[in-house]
Ligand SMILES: NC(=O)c1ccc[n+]([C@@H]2O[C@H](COP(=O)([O-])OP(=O)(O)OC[C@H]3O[C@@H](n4cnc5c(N)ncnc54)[C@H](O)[C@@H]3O)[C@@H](O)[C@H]2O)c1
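Below, in structure tokens: the form predicted alone, a single chain.
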Amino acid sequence: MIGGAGYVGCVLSDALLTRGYRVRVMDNLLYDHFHVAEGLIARPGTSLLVGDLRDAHALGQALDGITDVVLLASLVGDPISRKYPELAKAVNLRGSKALLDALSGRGLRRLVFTSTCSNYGLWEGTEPATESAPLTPLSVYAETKVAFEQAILERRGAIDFHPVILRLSTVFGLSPRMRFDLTVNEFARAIASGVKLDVYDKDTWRPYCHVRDICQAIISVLRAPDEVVSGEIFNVGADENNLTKEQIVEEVLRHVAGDVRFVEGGGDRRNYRVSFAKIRDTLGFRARFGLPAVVPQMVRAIRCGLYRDDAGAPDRYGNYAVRPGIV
């Protein structure tokens, strides 16, 4: 698993280990989250390699003897990719392409690439976007994801393993490598902490998916027959979790009082609803967690002081800045 110590990766590692898989994690600990790596390496069945997928030697070590690869590693999100555009292109696109080149001839079974529903950008269709909808990336982040999707699809038939592309909804929920720069998590923390929250463009739509449901979707793909998933693209999420920002705020306010102001004129133009019929009909995948069940858990975790502001590590709970030495 490349990028396996991140927000999704550490939860996925636990889910795989619980199901009897052996897991090798490669991660360059981009956000200085060494505390997560310490937790991973203590689990039986896990091996950890601290390295960068752009390092050919480290990548070769990570791939030795591996049967399946889950590619999570990237600068994830529009803000961090906008802050470090050249690094985003180097990791998300060029580094990922180098990985693709390194996979053939290893007896690999499957590559699972986690892309993003942000690729739909500004979807103006009357129905939710399916996997065949036009892509309109509006950020460096989405542009790199679309470009690598294309690189994978162009090589179908010329590679000796089975690639699968998963376009993930915006993720939410608790994780050992917690992020509060994701919409649901951000709103829950601000409101539960008594911080005044300005919400821009309350009527814009996005799909959301709990981190454990994301992991279950990845495991479903790993377990599926080759002929069912090879070369396929799947949106990952649930129809009922297509939500506006206002709906998210309303759900949080059902559980805790807060000071929220809705503001127009935000700089993020993304607005899209997504269809998840394909992954449901093909793999039987159904998301288990919605906001009504998860928000109370998050509020309790926040209010009990689990996520304290750390003056020594102000960027601990999000993809805000990369650690020194990452170029």
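The shown structure was predicted, so the numbers you read here are calculated from the model rather than taken from an experiment. Residue indices: 1-based, along the sequence shown.
The form predicted together with the named molecule is left out here; the points below concern that form.
- Contact annotation for N235: none of its heavy atoms lies within 4.5 Å of the named molecule in the predicted bound form.
- Looking at V252, you'd find every heavy atom of it more than 4.5 angstroms from the named molecule in the predicted bound form.
- Contact annotation: V294 falls outside 4.5 Å of the named molecule in the predicted bound form, judged by heavy atom distances.
- The named molecule in the predicted bound form is approached by Y141, whose closest heavy atom lies within 4.5 angstroms of it.
- Of the candidates Q216, N242, S81, S115, S115 is the one whose heavy atoms come within 4.5 Å of the named molecule in the predicted bound form; the others do not.
- The partner is absent here; in the predicted bound form, the one residue of L168, A88, A190, L100 having a heavy atom within 4.5 Å of the named molecule is L168.
- Contact with the named molecule in the predicted bound form, judged as any non-hydrogen atom within 4.5 angstroms, is confined among 275-283, 24-32, 258-266, 295-303 to 24-32.
- At a distance of at most 4.5 angstroms from the named molecule in the predicted bound form, all three residues V8, D52 and R177 contribute at least one non-hydrogen atom.
- Looking at 46-76, the residues that come within 4.5 Å of the named molecule in the predicted bound form, counting any heavy atom, are G51, D52, L53, R54, L71, L72, A73, S74, V76.
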